[in-house]
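Next up: just one chain, as C-alpha cells, the form predicted on its own.
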C-alpha cells in the first residue's frame, strides 16, 4: 500500500493490517498521529472522518483511539490507531481538520476522561449532566457499586426471581416440567 510505505518513511507508523480489500488499519505514535491523519486527508484523499472513538484496554493500561477515515475516490477506509497510556490521558485535538471532531472529543472526555486541550466545547455537558464520578465508560468504573449507591431500594418495592415469577404467574401448568 503506497500510503503506508510513504507514511512509515516520514512518521512513526507501523502494523499495516488489511481487514478487507477496502479497509486497512495502521498504528501511529501519539506524537505523530495528528500529522499522519492530516497527511491522509491532504495528500491521499481521505477527506471524510467517519468516526473517532476510543477503547479502554485496562489490562494493557492504555486507551486505543481510532480515527476512521474514508476516501471517496478509492472507496477505501483507513483506520489510524493510536495507543495512549491511561495515566496521561491527553491527545492533540483534530477539530481544525474536521469541525465535527469536537463532538467526538467532547464525548470521549466525558465518557472516558480523554482530554483534548483546545477543543471547542470540551467541558460542556455532553450526556452526563452533573456527573461527578470517574468517567462511566472506563472499565474500572464499578457500575454495580454506582447503581447500589444511586438507586437504593425504595419502600414498597419488591424484587422477584424472574424464573420463579414465570412459573407461578405465566406458565403454572408447565411449571412441573421445568
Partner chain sequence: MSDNMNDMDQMQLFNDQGRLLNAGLPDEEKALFCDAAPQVDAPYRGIWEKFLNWARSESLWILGFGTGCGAIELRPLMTSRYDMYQYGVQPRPTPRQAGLFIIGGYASVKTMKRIVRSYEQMQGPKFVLGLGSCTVNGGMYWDSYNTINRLDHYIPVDVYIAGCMPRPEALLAGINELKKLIKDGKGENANKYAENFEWYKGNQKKIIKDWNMPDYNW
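Whichever C-alpha set is largest while still superposing within 1.5 Å between the two forms counts as the rigid core. Residue numbers count along the first chain shown, from 1. None of these values were measured; they are calculated from a predicted model.
The protein also exists as the form predicted in complex with its partner chain; that form is not presented, and the subsequent description refers to it.
Student: Does residue 111 reach its partner chain in the predicted complex if we count a contact as any heavy atom within 4.5 Å?
Tutor: Judged by the heavy-atom cut-off of 4.5 Å, residue 111 is in contact with its partner chain in the predicted complex.
Student: With the partner left out here, check for me: in the predicted complex, does some heavy atom of residue 139 sit within 4.5 Å of its partner chain?
Tutor: Judged by the heavy-atom cut-off of 4.5 Å, residue 139 is well away from its partner chain in the predicted complex.
Student: Quick check on residue 55: any heavy atom within 4.5 Å of its partner chain in the predicted complex?
Tutor: No, residue 55 stays farther than 4.5 Å from its partner chain in the predicted complex.
Student: Is residue 60 one of the residues lying within 4.5 Å of its partner chain in the predicted complex, judged by heavy atom distances?
Tutor: Taking the distances in the predicted complex, the answer for residue 60 is no, it never comes within 4.5 Å of its partner chain.
Student: Its partner chain is absent from this chain, but in the predicted complex, do 15, 96 and 100 each have a non-hydrogen atom within 4.5 Å of it?
Tutor: No, none of 15, 96 and 100 comes within 4.5 Å of its partner chain in the predicted complex.
Student: Spot the stretch among 24-32, 41-49, 62-70, 142-150 with residues whose non-hydrogen atoms come within 4.5 Å of its partner chain in the predicted complex.
Tutor: Partner-contacting stretch among the options: 142-150.
Student: On a rigid core superposition, would residue 160 pass a 2 Å threshold for CA movement between the shown form and the other one?
Tutor: After core superposition, the displacement of the residue 160 C-alpha between the shown form and the other one reaches the 2 Å mark, so yes.
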